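As structure tokens, the next two blocks hold two forms of the same chain, structure 1 and structure 2.
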Structure 1
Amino acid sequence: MQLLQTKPIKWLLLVLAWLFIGIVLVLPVGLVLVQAFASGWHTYLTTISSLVTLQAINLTVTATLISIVFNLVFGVSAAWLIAFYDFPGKRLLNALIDLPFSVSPVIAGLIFILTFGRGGWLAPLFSAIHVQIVFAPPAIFLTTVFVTFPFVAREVIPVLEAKGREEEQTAALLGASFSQILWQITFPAIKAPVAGGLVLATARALGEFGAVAVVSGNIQGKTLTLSLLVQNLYNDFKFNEAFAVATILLGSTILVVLLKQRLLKN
């Protein structure tokens, strides 16, 4: 193929590509690292090991773990249902699973306030049992689950549909139980997409900002995730501290990207 392969054109396009990526991608990331250490190692270490930061890490990791578990159980169930059976309303179900992807994070937060917040639908129920949802960790968990909702299902459904049902049907005819089919026949075939979906969900859950900002209430030590802490520090003009906390998120993100590429290779 000889299109646009002459040296000058190739170099021009390459330089343009790198320049673009450099300006909008590499420089911002580089800046985070430089600014994080601008006030020295000591400030950096005190910032990222402060109680507030540790509490934020704790909350962020908890929300992420909850999302992962939910994604795993829900995603595999939904894929199993959609790939292995015919039933009315399948297209609608598919569309509903995808819905959270097409919604602004702010709206994602809003709908949970409208459901569980003051004057919300289920508010009387939860106030009766003295459980606070909105402006408390449960709402953060719920919105994080919402924004990561389709990840595993989206990755697994096409793989299972391409694989077909015959193996599972044969196993069932041979008298296999649900768990025998799941673990011996189906799971080995969907390990990769499940892992891929979980990686994406993890990245999104760790870094979710908009949706969480809406429902969190910004209560220090209680409902502050890492992203919210970055925002608070930045808005208080503690720029270097904000960037220091941002490196935690950046580091985990790069880890996740590498993990994804590792998975894709195998």
Structure 2
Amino acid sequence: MQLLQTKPIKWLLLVLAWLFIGIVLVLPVGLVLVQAFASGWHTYLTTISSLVTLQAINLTVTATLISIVFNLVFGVSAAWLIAFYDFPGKRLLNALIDLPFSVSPVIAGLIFILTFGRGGWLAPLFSAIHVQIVFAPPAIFLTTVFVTFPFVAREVIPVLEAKGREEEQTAALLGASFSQILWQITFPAIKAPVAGGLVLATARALGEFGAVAVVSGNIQGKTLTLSLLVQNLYNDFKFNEAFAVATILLGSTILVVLLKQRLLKN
């Protein structure tokens, strides 16, 4: 213990930490910013305000908001069910929540292709009602929800399990309704983990690439998200434009991280 508190060890660890952060984080971010503005402010502003970029922003934000709603509703519901109830298949459900963590995003995209694509299991049903899933915005929304689903549930489940059911059961015996129990007893206890989970889900949804790339078809103005737009611009050798669009994702991610830190302090 005294060895760890010596000044040489302290300064060595401090130098290693800042060196790692500088090489892995600060330097790459700085280079992105330099490249984004390499052609001047006019080119940068023209790129991020173009119709293609605005359409990509709109689709990315829409997919993120939809994933947030689903994460809030179904993440909290799954956490409540697993933490408070015993039922057949509980362990299986608990394990399946982690599936998006362990499955490659590309594989996740292929799963939705096999399910909703042409010749997929559910393709006849959606064809009959003239709804296109794959290579359309619904596929973007579904894959984004899939890859972000575990975040809220995994943040909330340990808190509910540690908290126990005693307060909820006492309130129920005293005649409190389900909504009163939820909003006045349970939700205040899980407010911080729910917020933290939503922040993590938001960051993942904004930058999701692998699963979205498989199901989107890269259709400009229809299924092109910000991450896909960056790839397209880079592949077309429009490097400055690609890095300019990347700064939007970078700025959004930084804001999300700052929001998480603020929520954790509160």
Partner chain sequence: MQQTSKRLIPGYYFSLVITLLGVSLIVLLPFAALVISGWQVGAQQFWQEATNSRVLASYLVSIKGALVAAIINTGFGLLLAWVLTQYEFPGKWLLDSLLDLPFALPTAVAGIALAYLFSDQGWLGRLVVPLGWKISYTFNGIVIAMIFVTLPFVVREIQPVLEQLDFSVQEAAYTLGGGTSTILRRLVLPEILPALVSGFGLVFARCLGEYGSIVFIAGNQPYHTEITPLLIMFKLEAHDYSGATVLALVMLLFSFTFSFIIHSWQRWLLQRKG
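All figures in this text were calculated on a predicted structure; none of them were measured in a lab. Numbers follow structure 1, counted from its first residue as 1. Rigid core here is just the name for the largest C-alpha set that superposes within 1.5 Å across the two forms.
Looking at the condition given, the form predicted on its own, one finds it describes the source of structure 2 alone. I254 shows a C-alpha shift below 2 Å between structure 1 and structure 2 [criterion: core-superposed Cα displacement of 2 Å]. Once the core of the two forms is superposed, the Cα of F20 has moved 2.9 Å between structure 1 and structure 2.
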